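We begin with a single chain expressed as C-alpha cells, specifically the form predicted on its own.
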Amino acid sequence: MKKIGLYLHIPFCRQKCSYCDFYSFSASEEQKGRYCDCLRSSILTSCKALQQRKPCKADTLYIGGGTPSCLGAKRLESLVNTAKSAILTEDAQITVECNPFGTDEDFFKILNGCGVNRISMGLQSAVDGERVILGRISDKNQAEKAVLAAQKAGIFNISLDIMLGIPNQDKESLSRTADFCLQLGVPHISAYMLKLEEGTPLYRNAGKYSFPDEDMTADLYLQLCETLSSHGIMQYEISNFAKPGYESRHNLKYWRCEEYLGLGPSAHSFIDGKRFYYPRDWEYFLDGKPPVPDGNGGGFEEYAMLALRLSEGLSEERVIKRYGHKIPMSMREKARRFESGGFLISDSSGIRFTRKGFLVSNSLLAELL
C-alpha cells in the first residue's frame, strides 16, 4: 500500500512576525472553530476520494502554519483524531508546529494523548534582543518552559527552529542560541538563513538594522554545523540537523519527491505525478472550492534538485530504480568541475554536496541541471 504524507495548514497567528511571508492572520475563536469544522470535513472527503483512486495510507501528518498551537489543544486533538480515522497508519509520525506562547504541560499532555509524537517549535534565537527585532512574542525563558513542558508531558522528539543572518547576530550570540538548544537536549534543529521577503515589516525597516554580511552569514552557518555535529546532531539536509532516528519523516517526503496531500489555504499537494494547491484565501477553502492544478511533477530534474538538498545527495541506486537510467553522464562531467574545489563529491554511490557546497547550492544546481 502506498505511503503518503498529509499536511494541514493552520492560517492563524496571535501576531505576525516581522520577517514572515507565510499565509497567516489573527482570528477570533468563532473563526477558528469554523475553520476546524471545515478542515475536518475536508480531511474525510479528500482522503476518501483519494483512497477510491488508489490504496494508500499516510505515515506522516504535519500540522503547520501559521501557528497551529494557537488553536488550542482540544481543536488540534480533533484534527488529529479525524486524520487517524481517515488515513493515518498506527505508526505515523505526527508533528505539530508550536510557538512557546500559550503552551503548558496540560496542552502537551492532550497532544501526547491523541498521538502527537513530534513538536516543531519556533525559537529563532535565544537572545531576547534578536527575538524582539524578529517580532517574537515570548522570551527565552518562556521558550525553555515550553520545551520542558513538552518533555514532561512525554513528547521528546522536539525540533527547535533558529535563524541565521538576522539583525545584530554574530558568532557569540549564535553560540548562545546553540548552547540553549543543546542544554535542553532537543534532538532536532532547523536552521534557516533569513530571507528578506518583500512586503514584510523587516523588509520595509531593513535600513534600521545591522545585518551580518554574506561572508559572516556563511561563517555562522559553518560554525553551527560544526557545533551540532560535535554533539551528535548531524546534518541531513541543507537546513536540518538531527540525532539519528529523529529526522522529520514528513519533510523527507518533500525532498525525496514522494507523494503528499495538503489541505488548507496555501497548502500544496503532489499525487500521481500532478501538483496542485489551494490559493492563499481561507474563504476559498471554506467555500469548498477545489484545489488549483499546478502542472506535472516528479521529473528527473526536479527530483535531482530536491535530492541534492539532502546530505545523502542524489543516489545512483534510487535514480535507476525510479527512472530506469543512471545519473546522466553530462551531469557527472559538470560535477567534476566542482569536486576539485571541495563543493561536492561524485562517486559510484551518487552526487552529494559538501557543507561548502550547500552554501552555494543554488548556483551549483543551476550549473548541474
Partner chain sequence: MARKENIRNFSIIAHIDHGKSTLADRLLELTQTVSKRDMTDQLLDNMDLERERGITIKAHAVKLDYKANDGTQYELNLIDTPGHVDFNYEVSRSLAACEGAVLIIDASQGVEAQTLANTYLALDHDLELVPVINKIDLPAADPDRVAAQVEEVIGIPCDEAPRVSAKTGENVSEVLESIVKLVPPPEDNDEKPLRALIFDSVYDSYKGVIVYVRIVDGKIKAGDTMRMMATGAEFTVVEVGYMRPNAMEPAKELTSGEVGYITASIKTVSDARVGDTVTTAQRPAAEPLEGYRKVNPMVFCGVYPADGADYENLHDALEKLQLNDAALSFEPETSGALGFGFRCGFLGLLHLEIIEERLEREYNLELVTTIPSVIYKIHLTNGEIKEIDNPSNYPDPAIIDYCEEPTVEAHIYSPPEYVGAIMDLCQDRRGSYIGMTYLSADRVDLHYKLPLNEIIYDFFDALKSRTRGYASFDYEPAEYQRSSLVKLDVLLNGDIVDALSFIIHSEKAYPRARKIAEKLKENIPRQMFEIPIQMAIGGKVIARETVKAMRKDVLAKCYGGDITRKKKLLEKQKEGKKRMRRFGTVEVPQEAFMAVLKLDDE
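Just so it is clear, the model here is predicted, and its values are computed rather than measured. Residue numbers count along the first chain shown, from 1.
The form predicted in complex with its partner chain is left out here; the points below concern that form.
Segments offered: 211 to 219, 84 to 92, 225 to 233, 130 to 138. Contacting its partner chain in the predicted complex at heavy atom distances within 4.5 Å is 211 to 219. In the predicted complex, no heavy atom of Ile345 sits within 4.5 Å of its partner chain. Its partner chain in the predicted complex is not approached by Trp282, whose heavy atoms all lie more than 4.5 angstroms from it. The closest non-hydrogen atom of Glu316 lies beyond 4.5 Å of its partner chain in the predicted complex. Looking at Leu359, you'd find a heavy atom of it within 4.5 angstroms of its partner chain in the predicted complex. Distance criterion of 4.5 Å from any heavy atom to its partner chain in the predicted complex singles out Asp294 from the list Asp170, Asp294, Glu105, Glu144. If you check its partner chain in the predicted complex, you find a heavy atom from every one of Tyr254, Arg275 and Ala366 within 4.5 Å. For the partner-free chain shown, just Asp161 of 156 to 179 comes within 4.5 angstroms of its partner chain in the predicted complex, judged by any non-hydrogen atom.
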